[in-house]
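What follows is one chain in structure tokens, specifically the form predicted on its own.
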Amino acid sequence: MDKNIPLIRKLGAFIALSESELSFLASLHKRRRTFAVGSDLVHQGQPDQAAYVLDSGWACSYKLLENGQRQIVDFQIPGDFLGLRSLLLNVSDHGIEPVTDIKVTKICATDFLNALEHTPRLATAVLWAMSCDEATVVERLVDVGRRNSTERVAHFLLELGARLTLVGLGSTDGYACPLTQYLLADALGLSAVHVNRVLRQLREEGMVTFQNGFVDFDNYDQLVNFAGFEQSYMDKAGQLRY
């Protein structure tokens, strides 16, 4: 199996994958599906929901309020699990929609439980990966609650870069990013106008440029210091790998 597949790279950051574990992951990729922009992958409240692995493209998870307002909870990138929690809850507590056209691998509950039973090291890697994903959601709460708008956007762009680097799709130089200012605003509790103003400020101060679908880190270290970006909650992968 191609070891450059995002899921392989992500789980491989936590364990040195054996041939049997690679074979098991290869077997999961038999149930492939595609979803276009505008076609929800998962609806909030949907029962008996399967989980997915995002193979290519970007998606977002969101909550809908009774008044129709939406809050984006997180963005998913290649290698991420989608709706894994619903396998245990038997109902999806959030919606998931493609940000771009996406390709996913469907994971049924029986497959997931089989992995836990027969490949305990792989199950441990999944647990670590989910813990890192949860840590990013915690940081999003801190973004909205305690960081000012400029720090909030800077921290978010750095975090996305770290996540993409883990699966071979980014670096400290930058990364391709399909997110619009409206999506950023929805996720960070800002208006699109405010996001535009913040991005212009960060560009004029020589730290980061986000335009034409690409994030360029003009001065990565300065941006890290400005945002107070502490990557240790994502670096645990390399420290724990066995």
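Numbering starts at 1 and follows the sequence shown. Model, not experiment: these values are computed from the prediction.
What comes next is about the form predicted together with the DNA, which does not appear here.
For the three residues 34, 39 and 60, a heavy atom within 4.5 Å of the DNA turns up in the predicted bound form in no case. Interface residue among 64, 176, 26, 193 relative to the DNA in the predicted bound form, by the heavy atom within 4.5 Å criterion: 193. Exactly one of the stretches 147-155, 115-123, 129-137, 167-175 approaches the DNA in the predicted bound form with heavy atoms within 4.5 Å, and it is 147-155. Mapping the unseen interface onto this chain, residue 56 falls outside it, with no heavy atom inside 4.5 Å of the DNA in the predicted bound form.
Within 4.5 Å of any heavy atom of the DNA in the predicted bound form lies no heavy atom of residue 206.
Although the partner is absent here, residue 182 sits close enough that one of its heavy atoms falls within 4.5 Å of the DNA in the predicted bound form. The DNA is not shown here, but in the predicted bound form it comes within 4.5 Å of a heavy atom of residue 200.
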